[in-house]
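Presented below, as structure tokens, is a lone chain in the form predicted alone.
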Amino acid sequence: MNKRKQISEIVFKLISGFCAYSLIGILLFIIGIIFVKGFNALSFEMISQTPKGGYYFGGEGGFLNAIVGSLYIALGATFIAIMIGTPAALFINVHLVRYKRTQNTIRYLLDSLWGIPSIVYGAFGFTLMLLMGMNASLLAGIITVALLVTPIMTRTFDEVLQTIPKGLHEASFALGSTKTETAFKILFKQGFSGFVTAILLSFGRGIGDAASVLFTAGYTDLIPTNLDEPAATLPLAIFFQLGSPIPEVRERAFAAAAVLTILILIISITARIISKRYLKTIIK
């Protein structure tokens, strides 16, 4: 019997290791292809200039408009998600503690919203845009992406708050703190590292999504200066350029993909550093 357990343990360990290293290998393979093809075509001109005449036929210029547009939309949407998702997650874990059924219902709805394909949010945003009399613009893109990432922000932060010991709640109430004070001075501080992770997930989803902005943000070769102007994004720039029959233009799509990947990696590393430093002040 012991021998059978040892064999089972070894087999399970081998399968688990194979799956884990396979995922790492696939990720490195994808990043490797993007970087190899992207860096061969990438130049300072591409990240510092907007498209010029003939750019989509292999001419001069770059995709600075897409970089700035992506940052505008992702930052704006993430900010809205923080403003809505943070108090919502705190409310679920402080004011609804005694109402388990209500908590579970809200979490189920948030999970459902998280799983809805982004193209559905794009279609909804387009419909909302028409009802409000708006044109395809930066504002429409920000609102649509905010609808997409708010459930992610709320649910991720909510999961972190659930891991905080209930004794901290009781200790805070015993000292005379109100529920609002407990939420923002105790739970928020204890869950700050998870809060940063939630921001990371929201920003990464916002900056890398194409379907939600396909009908709402529009596309332009210019950098938007107002919220009612259309905005280009890196995912759409990659999508449009990969469909070109011109090899030089398709190579620029990989360059844009490399820039997008680098941006996400920078945000990820920064968030990890911030959360790691803040963990020192958390009560365990």
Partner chain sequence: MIFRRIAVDKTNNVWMVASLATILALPLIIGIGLYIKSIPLLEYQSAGSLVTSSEWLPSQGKFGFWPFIYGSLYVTMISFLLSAPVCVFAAIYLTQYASKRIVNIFMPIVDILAGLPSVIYGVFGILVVVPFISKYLAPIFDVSTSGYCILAGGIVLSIMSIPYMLNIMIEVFNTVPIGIKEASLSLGATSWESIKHVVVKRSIPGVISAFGLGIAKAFGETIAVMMVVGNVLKISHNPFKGGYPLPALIANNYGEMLSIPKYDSALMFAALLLLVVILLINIVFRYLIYKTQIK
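Since the structure is predicted, the reported quantities are computational estimates derived from the model, not experimental observations. Numbering follows the first chain given and starts at 1. Basically, rigid core = biggest C-alpha set you can superpose within 1.5 Å across the two forms.
We do not show the form predicted in complex with the partner chain, though everything after this point is about it.
> Just give me the single entry in M134, L161, I84, L71 that has a non-hydrogen atom within 4.5 angstroms of the partner chain in the predicted bound form.
Of the listed residues, the single hit is I84.
> I119 versus the partner chain, in the predicted bound form: is there a non-hydrogen atom within 4.5 Å?
It does: once the partner chain is placed as it appears in the predicted bound form, I119 has a heavy atom within 4.5 Å of it.
> Quick check on L75: any heavy atom within 4.5 Å of the partner chain in the predicted bound form?
No - in the predicted bound form, heavy atoms of L75 and the partner chain never come within 4.5 Å of each other.
> Taking the partner chain as it sits in the predicted bound form, is H95 in contact with it (heavy atom to heavy atom, 4.5 Å or less)?
Yes, H95 lies within 4.5 Å of the partner chain in the predicted bound form.
> Spell out, yes or no, whether the shortest heavy atom distance between A210 and the partner chain in the predicted bound form is within 4.5 Å.
The answer is yes: A210 has a heavy atom within 4.5 Å of the partner chain.
> Work out which of the listed stretches, 220-228, 233-241, 47-55, 61-69, brings a heavy atom within 4.5 angstroms of the partner chain in the predicted bound form.
Of the options, only 233-241 has residues within 4.5 Å of the partner.
> Sequence order please: the residues of 172-189 with a heavy atom within 4.5 Å of the partner chain in the predicted bound form.
In sequence order, G176, S177, T178, K179, T180, E181, A183, F184 come within 4.5 Å of the partner.
> If the two forms are fitted on the core, does T102 show a Cα displacement reaching 2 angstroms between the shown form and the other one?
It does shift by 2 Å or more.
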